[in-house]
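Listed next as structure tokens is one chain, alone, in the form predicted on its own.
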Amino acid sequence: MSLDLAESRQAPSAMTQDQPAIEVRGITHRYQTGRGEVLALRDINLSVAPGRFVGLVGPSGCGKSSLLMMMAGLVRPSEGSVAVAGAPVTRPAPERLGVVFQEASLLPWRTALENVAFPLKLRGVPRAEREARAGQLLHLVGLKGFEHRHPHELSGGMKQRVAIARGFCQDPPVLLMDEPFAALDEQTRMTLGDELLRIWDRHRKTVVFVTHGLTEAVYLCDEVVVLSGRPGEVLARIEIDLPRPRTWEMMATEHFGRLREQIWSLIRRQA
């Protein structure tokens, strides 16, 4: 394994630019409750090109997180399929799909370095190699000097930085993020959003990002997919044609406001 993280900016050899990084075909999902069957998602079709930063938004309960978990192989859909670089997703595959959850879910008895390196330990990567890579990633997310701190010694924002570093640790071509900043204050969310864009711009992995924050979605993404209320269906795909790199000043522009209003009007009708 090369420890030169700059190499990962190029698309992995298994994924070509004319092949979707993620392809969702005919996803329908039902689940049982005490009151009967619930239809959560209906006939979702979605193709994401390599290197794109795509947001998933929609009303609460529309199935955004469930869809992301199906992409990750953590939930099996009732109907339909998911493929990454043309290969079916039938189980978790961290070498192809990194996942960052809303909660950092760090192992409390392990240091920040050990938490980031843990996926590599499970794969049998030698200790020196995995710790070197984890150390590079912690430096990349702004946590140099905190390698040997335990989770209880870190702030909420720092824990999420560790979780993001862990998501990148196996250098997967696709990163799935389920409201990773939802529990943080606005200032920390904006700071971490900028950190995420900086890392993404360097490595250009494919990112699917679930959020309730419409400003966050417009600021981060190349495209925003809007889901309907339950059962979740694709209402629209909104191209975010703002230049990169993104700056906070863009949020005050008329064009930024129009994009946000376009997304909000679709969601508001569902409510």
Partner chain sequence: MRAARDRRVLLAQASAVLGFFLLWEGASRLGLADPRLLPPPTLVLPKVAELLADAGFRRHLWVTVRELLLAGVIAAPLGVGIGLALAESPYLGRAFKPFFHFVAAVPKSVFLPVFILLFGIGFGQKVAFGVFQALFVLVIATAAAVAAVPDELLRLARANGATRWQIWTEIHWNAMLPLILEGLRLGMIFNIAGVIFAEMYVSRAGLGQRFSTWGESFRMPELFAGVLIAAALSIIVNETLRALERRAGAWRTP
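Residue numbers count along the first chain shown, from 1. What you see is a predicted model, and the numbers here were worked out from it, not measured in a lab.
Here the subject shifts to the form predicted together with the partner chain, a form of this protein not shown in this document.
Participant: So, in the predicted bound form, is residue 46 in contact with the partner chain at a 4.5 angstroms heavy atom limit?
Facilitator: Because no heavy atom of residue 46 falls inside 4.5 Å of the partner chain in the predicted bound form, the answer is no.
Participant: Is there a heavy atom of residue 183 no more than 4.5 Å from a heavy atom of the partner chain in the predicted bound form?
Facilitator: No, residue 183 sits far enough from the partner chain in the predicted bound form that none of its heavy atoms falls within 4.5 Å.
Participant: Verify the contact flag for residue 188: yes if a non-hydrogen atom of it lies within 4.5 Å of a non-hydrogen atom of the partner chain in the predicted bound form, no if not.
Facilitator: No, residue 188 sits far enough from the partner chain in the predicted bound form that none of its heavy atoms falls within 4.5 Å.
Participant: Is residue 69 close enough to the partner chain in the predicted bound form to count, meaning some heavy atom within 4.5 Å?
Facilitator: Contact check for residue 69: yes, within 4.5 Å of the partner chain in the predicted bound form.
Participant: Give me the residue from 157, 135, 142, 94 that has a heavy atom within 4.5 Å of the partner chain in the predicted bound form.
Facilitator: Looking at the other structure, the residue within range turns out to be 94.
Participant: Exactly one of 196, 99, 89, 112 has a non-hydrogen atom within 4.5 Å of the partner chain in the predicted bound form; which residue is it?
Facilitator: Selected residue: 99.
Participant: Counting heavy atoms only and using a 4.5 Å cut-off, do 74, 121 and 166 all touch the partner chain in the predicted bound form?
Facilitator: Heavy-atom distance to the partner chain in the predicted bound form: all three under 4.5 Å.
Participant: For 96-110: residues with a non-hydrogen atom within 4.5 angstroms of the partner chain in the predicted bound form?
Facilitator: The stretch 96-110, when checked against the partner chain in the predicted bound form, contributes 99, 101, 103, 105, 106, 107, 108, 109, 110 at the 4.5 Å heavy-atom cut-off.
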